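Encoded as structure tokens, the following chain is the form predicted on its own, with no partner shown.
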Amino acid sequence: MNFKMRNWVLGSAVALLAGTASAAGTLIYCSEGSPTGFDPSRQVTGTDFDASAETMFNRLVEFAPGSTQIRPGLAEKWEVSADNLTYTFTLRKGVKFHTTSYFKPTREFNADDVVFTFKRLTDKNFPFNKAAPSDFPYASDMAMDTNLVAIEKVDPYTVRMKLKAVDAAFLQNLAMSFASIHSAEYAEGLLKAGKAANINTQPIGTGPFVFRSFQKDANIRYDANKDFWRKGDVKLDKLIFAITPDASVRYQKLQKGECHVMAYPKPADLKAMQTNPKLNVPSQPAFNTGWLSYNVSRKPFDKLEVRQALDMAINKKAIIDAVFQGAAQPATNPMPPTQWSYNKTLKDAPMDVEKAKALLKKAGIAEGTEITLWAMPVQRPYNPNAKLMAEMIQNDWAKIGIKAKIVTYEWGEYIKRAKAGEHDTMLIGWTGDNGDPDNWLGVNLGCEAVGGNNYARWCNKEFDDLIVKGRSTTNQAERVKLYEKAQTIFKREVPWTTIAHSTVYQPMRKEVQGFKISPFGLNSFYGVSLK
């Protein structure tokens, strides 16, 4: 039986999904949910980035696959001024934007595209932003919209960026998904046609795959970019995301050969996967944190005693045993132990039901007080089963007289409502984006991140001053001291109950070659092939 016929037999459902009589060269990825859009600039979740930035776009600098190290991307090289405030990028020549049914480029990538991308991220009055109003949460959470004060086109292949204050992680930030480069020519055409909003539904990038179609809650289809500038990185003909929210169904599809790679396995299935001769299940230590966030802008969570009481009532060990099946370690800090500047001296408050009751009484909280506890509808690396975790926390809180009502929404709605501060408490988490401590402390807990990823809506000046100072120096030893002190304040003030750092497992069929687990929890198919 030849290779094409063998792959067709492997799963006729795959062939049907691919829209072809043969699935040779077509990789099917069983993803966990539908993206909210395909414009990486406005997204915040891995589900969105996998479907957009990781498939269709590039950045000026990029993380080497499976690594936290940056390498040249659309910029071949760069220079940084002595005062660390000016970055000059030399751009790559010969890079082509995608050709699709809705756009045919007339020129190659150049400085205009970089200027458009970053003007849009940082200037609310930029004409395109007025035509398609949007928030850019990552850019604002990291103060890029206030700190990047100039983006200049020096010549067609040179761009200069100027910062108001030193940002030690600036290059790493530019390698993150939200900083993906858009086509200025495409955007201009959308603007003239009165269709600026299409930038989120009909994407154009320079990446390894070209967008073809999206059917919500069903599939996303891509074709290989045969003109991709990083030669040899595109080894597939087609890529399909088979959107499969149920982890058990994803596993069934993987076993049957109806998908080649699956997202987020159930911990209970891992043993069977690891003994299946048709599967590989590589793993790596966590670079994530899962937590319960307290909305301090709502009463009674503005009171420290209440947060302390809820925190010390939670049986973290039981959660790790039941939800993670032991494949995690308890989280004490807002960042994992593998992140430099992790404060090893911090300890959790001991679990103490009686003391928790006394704290609630002191805070004037009546027994039987009702609150909401939000649980994510999707699996994430930091939380494989939010429903079960919420039920366990609900049970723990009942023991101290708190009645928690579990609430959930569709994933995009969950994030949107949480940013608006509609929750009392919520389960959420984070997988590191760039290997820098600011990506944990600033993005998730900084004052500028309230309304963005700071779901606790916690703004502590003492903490914030430390992280702003940490971001503003390139001396790593000094940064370590500042971040360790900031973590101490975090632990004292309890805006979150930190739950766990999970081990990441990536099940795939043995015919998949070249797939590398991202430390950032993203799924990229650069250099991936089927044997």
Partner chain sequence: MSTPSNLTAADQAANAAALSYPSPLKEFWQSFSANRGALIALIFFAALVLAAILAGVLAPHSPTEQYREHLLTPPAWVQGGSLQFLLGTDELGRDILSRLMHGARLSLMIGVVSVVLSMLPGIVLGLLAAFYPTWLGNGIMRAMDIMLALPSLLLAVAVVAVLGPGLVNTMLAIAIVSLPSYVRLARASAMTELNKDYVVASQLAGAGKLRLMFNTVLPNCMAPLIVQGTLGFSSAILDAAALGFLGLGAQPPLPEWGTMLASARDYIDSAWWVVTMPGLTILFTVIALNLLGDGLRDALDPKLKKLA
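What you see is a predicted model; the values in this text were computed from it and never measured. Positions refer to the first chain, counted from 1.
Keep in mind that the form predicted in complex with the partner chain is not shown, yet the notes after this line are about it.
S.K.: Is every one of Thr332, Leu346 and Leu522 within 4.5 Å of the partner chain in the predicted bound form, counting heavy atoms?
M.R.: Result no, not one residue of the spot touches the partner chain.
S.K.: Within 4.5 Å, heavy atoms only, which of Asn276, Asn460, Thr88, Asn315 is in contact with the partner chain in the predicted bound form?
M.R.: Comparing distances to the partner chain in the predicted bound form, the residue within 4.5 Å is Asn315.
S.K.: Taking the partner chain in the predicted bound form as the reference, which of Asp396, Asp167, Asp141, Asp433 has a non-hydrogen atom within 4.5 Å?
M.R.: When the partner chain is considered in the predicted bound form, the option within 4.5 Å is Asp396.
S.K.: Since the chain is shown here on its own, which stretch among 109-117, 245-253, 276-284, 361-369 would lie within 4.5 Å of the partner chain in the predicted bound form, judged by heavy atoms?
M.R.: Answer to the contact question: 245-253.
S.K.: Within 4.5 Å, heavy atoms only: does Ile406 come near the partner chain in the predicted bound form?
M.R.: Yes, Ile406 sits close enough to the partner chain in the predicted bound form that at least one of its heavy atoms falls within 4.5 Å.
S.K.: Quick check on Glu391: any heavy atom within 4.5 Å of the partner chain in the predicted bound form?
M.R.: Result yes; Glu391 sits at the interface with the partner chain in the predicted bound form.
S.K.: Can you work out whether Lys387 and the partner chain are in contact in the predicted bound form, taking contact to mean some heavy atom pair no more than 4.5 Å apart?
M.R.: Contact with the partner chain, yes.
S.K.: Could you tell me if Ala322 has a non-hydrogen atom within 4.5 Å of the partner chain in the predicted bound form?
M.R.: Yes, contact at 4.5 Å.
S.K.: Within 4.5 Å of the partner chain in the predicted bound form, which residues of 205-234 have a heavy atom? Give them in sequence order, or say none.
M.R.: Stretch hits: zero.
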